[in-house]
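We begin with a single chain expressed as structure tokens, specifically the form predicted on its own.
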């Protein structure tokens, strides 16, 4: 799977995408990430990528020309299953969307900055707009990193345990159950006996019950969606 990411500050993405699971995915040849510096496509001595917005108001807007040049360069080299823009008014990123995107081959992500990108770029090129939450970030790079991480880990072979991702929180609209490790007794607090029993059916039932209870009490919005099926 390949991710192409367009950014004004590509260095912000180097650390989160070059360590841990994401680095192992790249080392295994299961995932590729290419960063495109938008300033390389900007004209003029100062390689300006933003300008004042028409109609007045505070904040700058990312210019259409550099973005179009970069996007066209990418499109000339391959086709993309989605051209994604990280936007606060986009579709909320959830596990279902991550699952869908993990089955794609090529994704192009545009990182917003300042007051956003010129609307004409969204109209001409963008096929999917994604928000990672109802809050404001300084730029779209962190959102892009979240998308790559949450989608990339679902690619078959990325995780050491092939079934691990299937039992994460939000799969089937349920939160994951509590987990424990050694020692079995720590500061007077003991691991539930069922987890020490070795009885797989009882353990599975206990975990499911805990997922139900945790979702019901902590995320009533998810619980409502789960009940509706």
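What you are looking at is a predicted structure, and each value in this text was computed from that prediction instead of being measured. Positions refer to the first chain, counted from 1.
Beyond what is shown, the protein has a form predicted together with adenine; the following relates to that form.
- The contact residue chosen from 155, 137, 75, 82 relative to adenine in the predicted complex is 137, the criterion being a non-hydrogen atom within 4.5 angstroms.
- Out of the listed residues 107, 130, 71, 98, 130 is the one that sits within 4.5 Å of adenine in the predicted complex by at least one heavy atom.
- Put simply, residue 143 is close to adenine in the predicted complex: some heavy atom of it is within 4.5 Å.
- Adenine in the predicted complex is approached by residue 87, whose closest heavy atom lies within 4.5 angstroms of it.
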